[in-house]
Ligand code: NAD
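Just the one chain here, laid out as structure tokens, in the form predicted on its own.
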């Protein structure tokens, strides 16, 4: 089915308000999730709604939470998210880093114990809009999902990595990816009847390579949100030894260095850690023209002859911008299973069918 962004945002917003989130927080959560769908990152979009509500029900995340500044200087800060919603504590921590970069040229933020931060690409986008370069190493403590290169057993989280660079007179360059072949959320999309996974996404307990999401979730979701801990297999690290090595660094920098904890070996409450570097372009540009150099080099890269007739070389961020324009016009695609799970969650927080119909209108 297709549903337009505005009614979908209103429905998600209402669900989280009904489940105890302050109005501004519910609005942020809905905005982050729907923005991910608009950009084509369905793995970090509204498919997360049932799981987020389950986190609240299980006491694993605190609505209306705030950050705790553990230690800070003029150019760095260590922040505890206190298991608040990532869409609340993440932007607050990022704001500290961006302000430090604006005032001092650089800001380093170590964030620990955050709820799911959502699509990490949102953070470099926000920084680039303020003329800042940013680099983000992320892990998920307590979420052992990915096998290392050459291994079968789970050892890493999906360990996202993101970079953003402003461009003069043009959109920013935004690189954002999980260090696994696919993000866990993409496996969740496939599990719920959405786009199938590539055939090399997972490894089974016998070492067989597969694209079957049941290897991650198991055959029985036990009536609740699918749990990636239940399956007998693992996601695979992208890029063989290179992706596996980057995943290790994300675990060590975002998990061990921040104090948030690594993906394993102990079973603990799931939380994001993120180590972010914010750099002011203005502070580092001594007149050599950073913005113009970025623009000119991007144009040079895109001018490479395409491998296929009528093809095009794209740079990071372009596919997302094009997909957003398309989905704002035509609507956001959701599988029947994903939509049914969202509606079930809405009813579970007290919305009746008449209220749902009044929010989503003809899209229901």
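Remember, it's a predicted structure, so these values are computed and weren't measured experimentally. Residue numbers count along the first chain shown, from 1.
As for the form predicted in complex with the named molecule, it is not shown, yet the points below apply to it.
- Heavy atoms within 4.5 Å of the named molecule in the predicted bound form map, among the stretches 249-257, 67-75, 209-217, 169-177, onto 169-177 alone.
- Each of 272, 315 and 319 is positioned with at least one heavy atom within 4.5 Å of the named molecule in the predicted bound form.
- Although the partner is absent here, residue 108 sits far enough away that none of its heavy atoms falls within 4.5 Å of the named molecule in the predicted bound form.
- At least one heavy atom of residue 116 is located within 4.5 Å of the named molecule in the predicted bound form.
- None of the heavy atoms of residue 201 is located within 4.5 Å of the named molecule in the predicted bound form.
- Although the partner is absent here, residue 43 is a contact residue: one of its heavy atoms lies within 4.5 angstroms of the named molecule in the predicted bound form.
- The partner is absent here, but in the predicted bound form a heavy atom of 140, alone among 140, 234, 101, 127, sits within 4.5 Å of the named molecule.
- A heavy atom within 4.5 Å of the named molecule in the predicted bound form is found for exactly one of 188, 262, 93, 120: 120.
- Contacts with the named molecule in the predicted bound form, taken as any heavy atom within 4.5 Å, map within 145-170 to 158, 160.
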